[in-house]
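Listed next as structure tokens is one chain, alone, in the form predicted alone.
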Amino acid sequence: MSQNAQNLPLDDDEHVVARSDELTDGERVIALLNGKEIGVFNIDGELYAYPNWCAHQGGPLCEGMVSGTVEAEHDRDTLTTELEWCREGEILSCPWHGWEFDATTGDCLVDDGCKLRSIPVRNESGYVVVTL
């Protein structure tokens, strides 16, 4: 940590994980904080943080690919289906079994009853700060 980061007035549960300029749009950092791996993502200039743990079978979720997903529309009358690739850069996919999560909300796209636990994160004085 740089000298400037050491001078930030942080509480005991707050941790600097990167300089803000290191976590540009589309980037992520995974930090070990108090024995817990936390993934921090910059998506369209907004920061999001989640535990590096998939609710499906405990895989390292935050190490997975960030991309988009396919949405489908089915017409019951004509029995046709239209597929559309969407949400590029917003969907986090678990590297173990491919479960998809909306990285901006934590919502699981595979199981409606499943949601990632969001962790508070912010930019402060040029640093990315996570609160556990």
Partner chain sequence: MADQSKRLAERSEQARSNPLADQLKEVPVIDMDVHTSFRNEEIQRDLLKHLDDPYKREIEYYLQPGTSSYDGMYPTDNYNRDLSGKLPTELMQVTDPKEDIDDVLSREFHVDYPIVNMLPELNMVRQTDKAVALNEAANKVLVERFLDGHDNFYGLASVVPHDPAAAAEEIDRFASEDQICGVFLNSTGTKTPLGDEKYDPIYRAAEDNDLPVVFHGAAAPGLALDFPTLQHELQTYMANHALAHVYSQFLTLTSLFENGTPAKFPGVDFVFQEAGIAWLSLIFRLNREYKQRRSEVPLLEKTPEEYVRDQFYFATQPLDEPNDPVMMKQLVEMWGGDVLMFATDHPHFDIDNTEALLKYLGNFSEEDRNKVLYGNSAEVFDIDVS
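Each form is matched to the other, and the largest set of C-alpha atoms that superpose within 1.5 Å is called the rigid core. Predicted, not measured: the structure shown is a model, and the values here were computed from it. Positions refer to the first chain, counted from 1.
The same protein also exists as the form predicted together with the partner chain; that form is not shown, yet it is the one meant from here on.
The contact with the partner chain in the model of the complex, taken as any heavy atom within 4.5 Å, belongs to L109 out of L23, V16, V121, L109. E71 is the sole member of E27, E46, E88, E71 with a non-hydrogen atom within 4.5 Å of the partner chain in the model of the complex. The partner chain is not drawn, but in the model of the complex it has no heavy atom within 4.5 Å of W53. Interface membership of G58, defined by any non-hydrogen atom within 4.5 Å of the partner chain in the model of the complex, is ruled out.
Among residues of the shown chain, H97 is one whose heavy atoms approach the partner chain to within 4.5 Å in the model of the complex.
In the model of the complex, the partner chain stays beyond 4.5 Å of every heavy atom belonging to N34.
Relative to the superposed core, D44 shifts its CA atom by less than 2 Å between this form and the one not shown. After superposition on the rigid core, the Cα atom of N34 is displaced by less than 2 Å between this form and the one not shown.
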